[in-house]
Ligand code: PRP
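Quick heads-up: it's one chain on its own, the form predicted on its own, in structure tokens.
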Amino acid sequence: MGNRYLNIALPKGRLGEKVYAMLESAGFGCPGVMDNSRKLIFENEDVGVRYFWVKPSDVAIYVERGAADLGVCGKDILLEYEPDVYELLDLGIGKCKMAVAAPKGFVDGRERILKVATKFVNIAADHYRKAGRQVDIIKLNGSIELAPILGLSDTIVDIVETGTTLKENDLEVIETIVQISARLICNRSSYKFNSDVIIKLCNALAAIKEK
């Protein structure tokens, strides 16, 4: 192995906990990772891994820039930011969808520019460009469901897991853009120099996923 440790960025939260459980089952466990502490970096010299917790939206940045060899992030992040990384494996967890939602009964008359609120500007722009629809995209960072209720937008583009929040705000999915799940990603240089251990880890995860 080129480096002493394989650096792996885990997304904070439930998804990261599920990912770590898979890695542990694959033989890449590390003491203390799941302890409820403020510690951010955990090492296991015996298996040659170093884990660290980061904000989910930052995982791809750590991997792309080489601070992490591997990481796990949602397909939404890869589509929105297009980081220069290898996508090695669909882990089959963290499943949800990127969708267009609108107030119940909404009809797009297409006679005017459609106002779309979203955190995912590039995904939304690409979707409507392919549909040949002229849109005004409004970037928001939170509470996207509020935008159509207050008349800021006609529709929203957002991640939908259960749809409960939409229903509670009298919104409904009118179109699914893409299915989303967690992906194992790899730094390009790391793959070149540490391919043996990375492939071993990837294959072990793939085997667990198939069970």
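The structure displayed is predicted, hence computed values, not measured ones. Numbering starts at 1 and runs along the sequence shown.
The following text describes the form predicted in complex with this ligand, which does not appear among the structures shown.
S.K.: Flag this candidate site as yes only if 119, 145 and 162 all have a heavy atom within 4.5 Å of this ligand in the predicted complex; otherwise mark no.
M.R.: Yes, each of 119, 145 and 162 comes within 4.5 Å of this ligand in the predicted complex.
S.K.: How about residue 158 - does it come within 4.5 Å of this ligand in the predicted complex, if we only consider non-hydrogen atoms?
M.R.: Looking in the predicted complex, residue contacts with this ligand include residue 158, since a heavy atom lies within 4.5 Å.
S.K.: Report the stretch among 36 to 44, 163 to 171, 60 to 68, 23 to 31 that approaches this ligand in the predicted complex to within 4.5 Å, counting heavy atoms only.
M.R.: Going by heavy atoms within 4.5 Å, the stretch is 163 to 171.
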